[in-house]
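Presented below, as structure tokens, is a lone chain in the form predicted alone.
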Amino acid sequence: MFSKIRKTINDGKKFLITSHIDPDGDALGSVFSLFWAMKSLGKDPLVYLKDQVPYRYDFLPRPPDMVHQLPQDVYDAVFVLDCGSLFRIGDGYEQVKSMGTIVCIDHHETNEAFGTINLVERSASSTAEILYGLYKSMKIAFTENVAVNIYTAVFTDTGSLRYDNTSPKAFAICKEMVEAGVRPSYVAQMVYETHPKERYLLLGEVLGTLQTFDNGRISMAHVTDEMFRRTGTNREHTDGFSEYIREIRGVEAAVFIRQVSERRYKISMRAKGKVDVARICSTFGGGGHKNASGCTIDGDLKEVEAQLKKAFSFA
């Protein structure tokens, strides 16, 4: 399973590592851990992320020379991690196709297998879980830099080890990373307990937009540019808001709508029941997992809400 990727790494020297826009814990932990793993092998990796690292993940051991502009270079391979579609890495994604062999490592159910080499394990809790197996097969040591990133990726993508994707293997990986020196209380504090006051001012406004429909089975809330301006916040302060409205008793699926331009909205869906939000998001050109997916819809807010309600009426 890992043989082609091992050969690619062993035979090469210069690698580009990237992931999707608006990176989450799994994207960052996967990218950073692979960087440190490659460095331990004497390789020359470079990490490119279109967006900055969100404040809650500032504690992760990161590359000292990470870039946010797509480099103009050629590599032995380009590793695209935790991405179901290549366009998710941001502007310039078409250019990546000519920069080297593309290695896609991912766990999303809607992955399009866009790489020259594709390692997609849809049953894995996270992309980091797949990388853990790769590292074990290559006998890479779980140093602090690798272990903290792997632990954080698995921990966050399983919702603190409480989502349906939390498997015995996910627990076992976290256990091994703790044995390698990771402090669970520190990771949990940094990820979940270090928010600025402004985030809660924004959350108050967002919860004021809360509505439910389909007999309370679906919850929906939104944030607009004006709400960001009033509270002095931005998109990274909304991370996790969909979880708040998913936790409502009786809710099977939560929809969080975030304005990204005058007539464009980013949709994040989270489910805990029988609703397949990946299937719903796919109707709008998005995707992800059955219980966690996203998409983008154009129109004004009322139109977007109406389209979403119509889509759920067939779910």
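Quick note: we count residues from 1 along the sequence shown, nothing fancier. Not measured: the values here are computed from a predicted model.
This next part talks about the form predicted in complex with a small molecule, which is not shown.
Although the partner is absent here, A292 is a contact residue: one of its heavy atoms lies within 4.5 angstroms of the small molecule in the model of the complex. Remark: H222 does not count among the residues lining the small molecule in the model of the complex, judged by a heavy atom distance of 4.5 Å or less. Using a 4.5 Å cutoff between non-hydrogen atoms, R56 does not count as a contact of the small molecule in the model of the complex. Although the partner is absent from this view, K266 contacts the small molecule in the model of the complex, with a non-hydrogen atom inside 4.5 angstroms. With the partner omitted from this view, the residue of Y186, F87, F171, Y192 that lies near the small molecule in the model of the complex is F87 [heavy atom within 4.5 Å].
Picking from 66-74, 267-275, 244-252, 38-46 the stretch near the small molecule in the model of the complex, with a 4.5 Å limit on heavy atoms, gives 267-275.
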